[in-house]
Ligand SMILES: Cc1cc2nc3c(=O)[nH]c(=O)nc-3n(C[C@H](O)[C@H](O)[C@H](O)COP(=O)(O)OP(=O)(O)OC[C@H]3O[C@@H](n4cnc5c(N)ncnc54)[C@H](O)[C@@H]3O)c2cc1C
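Below sits a lone chain in structure tokens, taken as the form predicted on its own.
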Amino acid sequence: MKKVAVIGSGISGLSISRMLSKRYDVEILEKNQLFGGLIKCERIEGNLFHRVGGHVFNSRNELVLAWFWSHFDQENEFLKATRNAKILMNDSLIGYPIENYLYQLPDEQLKLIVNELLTLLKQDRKEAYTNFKEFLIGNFGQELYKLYFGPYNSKIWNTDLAAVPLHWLDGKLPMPKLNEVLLSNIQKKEEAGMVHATFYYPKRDGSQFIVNRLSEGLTIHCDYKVVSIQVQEDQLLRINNGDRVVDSIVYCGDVRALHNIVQIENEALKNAMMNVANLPSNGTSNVLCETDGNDISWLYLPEDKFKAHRIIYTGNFSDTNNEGSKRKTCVVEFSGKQEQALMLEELKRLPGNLKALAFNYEPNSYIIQHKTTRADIALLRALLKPYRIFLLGRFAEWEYYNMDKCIEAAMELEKDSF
């Protein structure tokens, strides 16, 4: 059997490894002590800590659903939940997405927003928006942008929204129709169109359960840092100066590091790797907390008075997440690296009588694209392909993939390249 090395053991690496393992000799090389990437979890005195966010599963892609459920017992191993997200503004809870719950805003605010939406509805609106800020203002108006969309997105992405190309967010944002927005506020309909309006969550161990199942039977080497990739005369790939020799590599690591790893005499390839060496990303600081009971799944925090940008009530996803506490648990998420003292002060201002149980900082969790990013990645992918080095996953492809999109990308790579 031909040998394939998969570098990185997040959901992308685990998925492609399972897909290839029946036809290839596959090894996963993971630089960290634990496999699982961003979706791994740990127990803190019995409570489940999603160290980066709170990962759930659903998809609109029937092939992805079929592949995923071929590895799990949907009925007996998973819970199905309806997303109950809220926005905290002016010490009140507003429904999410906000455009469907404008009627919950104070009267004066509501009048300004509705008048602007009606004006937009009468206009022949521009559809070819060039950036994220333009899109938000063009679809929702200045008032709603100033109230929610601008502050929240600036906080979470920590970048100039006018520099973010709109194509980056394809499939990640609802594309609103103003007549539907106004109608939903009159009829007070619940939002059902978003991909995670309903979602599946393991009965036990959260996304770590998914990691553990998908890793079964795979060969994974943790604490293995790839420092060099070379091409032999026979076109086989040498990893770490011949420690491993393989036919193909699926690289699921950080694309920005490739220029230090790939040692191939190809000037165009070297330039392409350098072009992506400084792509921007944000880290996140997360705090596992005890909280008072509620029925919320996600709580968004757009206001500047809060440093945190959201609370994920993972303790509501499954009761088994709260086995070390008499109360429910949640994860409070901040953009960037935050000092523990600041986060502890923030917890006092947030709802739920929060008590910190554990902290985690992930230096890279949110990727940010600029106008040329996709073209730069496409060129690099094309230059690597003749050497049978393939890019896959959020940080290798520099795409903001959720779990289902990681699986979908793995399926496409297997079909097109193996």
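All of these numbers come straight from a predicted model, not from anything done at the bench. We number the residues from 1 along the sequence you see.
What comes next is about the form predicted in complex with this ligand, which is not displayed.
Visitor: Since the chain is shown here on its own, which stretch among 218 to 226, 264 to 272, 321 to 329, 137 to 145 would lie within 4.5 Å of this ligand in the predicted complex, judged by heavy atoms?
Guide: So the stretch in question is 218 to 226.
Visitor: May I ask you to check whether residue 383 falls inside a 4.5 Å heavy atom distance of this ligand in the predicted complex?
Guide: No, residue 383 sits far enough from this ligand in the predicted complex that none of its heavy atoms falls within 4.5 Å.
Visitor: Evaluate residue 31 for contact with this ligand in the predicted complex, applying a 4.5 angstroms cut-off between non-hydrogen atoms, and reply yes or no.
Guide: Although this ligand is absent here, residue 31 would touch it in the predicted complex, with heavy atoms inside 4.5 Å.
Visitor: Please check if residue 403 has a heavy atom lying within 4.5 Å of any heavy atom of this ligand in the predicted complex.
Guide: Yes, contact at 4.5 Å.
Visitor: At 4.5 Å between heavy atoms, is residue 253 in contact with this ligand in the predicted complex?
Guide: Result yes; residue 253 sits at the interface with this ligand in the predicted complex.
Visitor: Between the options 26, 391, 48, 52, which residue brings a heavy atom to within 4.5 Å of this ligand in the predicted complex?
Guide: Checking each option against this ligand in the predicted complex, the one that comes within 4.5 Å is 52.
Visitor: Relative to this ligand in the predicted complex, which residues of 1 to 33 have a heavy atom no more than 4.5 Å away?
Guide: 7, 8, 9, 10, 11, 12, 13, 29, 30, 31, 32, in sequence order.
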